[in-house]
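Just one chain is shown here, as structure tokens, and it is the form predicted alone.
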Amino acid sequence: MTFLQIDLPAMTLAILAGLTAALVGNLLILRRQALMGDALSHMVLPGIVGGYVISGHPKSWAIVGGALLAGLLGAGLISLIQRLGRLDAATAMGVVLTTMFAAGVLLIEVINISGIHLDIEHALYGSLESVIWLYPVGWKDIFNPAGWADLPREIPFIAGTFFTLATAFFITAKEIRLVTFDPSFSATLGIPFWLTELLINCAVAIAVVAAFDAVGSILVISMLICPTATARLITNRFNLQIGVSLFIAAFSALLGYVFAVWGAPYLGSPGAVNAAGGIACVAGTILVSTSILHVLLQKRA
């Protein structure tokens, strides 16, 4: 069945990417650092290219490691520019993200690797459509462990990333709330501010790297911010916000993929449109709609 081999793995990857990004997106929204997610989603590109140069293969773990190193390097550069240049965070992020993303684009062109599925379009929009699982021919094959070894590498990687981050989130939930809502008090308890910043940046960088194949380095920002911002409009309770943001992320991924693949032709498109773009549009539409409803309810109150 074509659905099981092409659409099911793509939708699974999209949902997992949305969940992973939304989880760490809560930290960015609550700390008013949404631009950091945008910056990190751009800064990983040179690391991805460098990982390919080292490994010679577009699906190697060297690419994951290179992207993570690039993200952490970029986060370090932002902090360094802030301290030495005495600039605000937004300015430092703007400088670093544009420089590193431009470096990645130039590397792609200079090294001439566009023919092996690591081109500018892939970097910008992701490659959900290329995630194929050839094993299942019927629904019962999905539950056969023998076929799980043939799953596209992206799915177990991002699933492992999500559950690792979720576990870390659960274990450190008390400290996260303290650092997020009262950083001054947390410092008096001996929790270093620089360490929490580094750990949060690491978590965001890992999520961005994990979601890169699904939505690319630009559209990942919508998955980081939109579900969490929407949840923030719905509730101001920390735990509930996380749950709502995860639900919205999964729903946006599913509905966005369905719209891109099956809905677009009914609206005049000659065929399916980019799935990551569809997901981002749905997430943005939900955020805008919720914002309008929020304003209307406030006026009536």
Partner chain sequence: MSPEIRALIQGEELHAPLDKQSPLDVSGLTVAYRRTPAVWNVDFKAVPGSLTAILGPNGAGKSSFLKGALGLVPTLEGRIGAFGLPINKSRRRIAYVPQRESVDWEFPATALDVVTMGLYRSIGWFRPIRRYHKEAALEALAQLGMADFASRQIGQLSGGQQQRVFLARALAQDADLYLMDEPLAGVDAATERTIVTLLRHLASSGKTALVVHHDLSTVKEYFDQALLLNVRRIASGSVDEAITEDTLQRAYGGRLAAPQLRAVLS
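Note that the structure is predicted; figures quoted are calculated from it, not measured. Numbering follows the first chain given and starts at 1.
What comes next is about the form predicted in complex with its partner chain, which does not appear here.
Stretch 177 to 185 is the contacting one of 156 to 164, 177 to 185, 140 to 148, 67 to 75, since its residues have non-hydrogen atoms within 4.5 Å of its partner chain in the model of the complex.
Although the partner is absent here, Leu30 is a contact residue: one of its heavy atoms lies within 4.5 angstroms of its partner chain in the model of the complex. The closest non-hydrogen atom of Phe247 lies beyond 4.5 Å of its partner chain in the model of the complex. Its partner chain is not shown here, and in the model of the complex it never comes within 4.5 Å of any heavy atom of Phe251. Using a 4.5 angstroms limit between non-hydrogen atoms, Leu87 touches its partner chain in the model of the complex.
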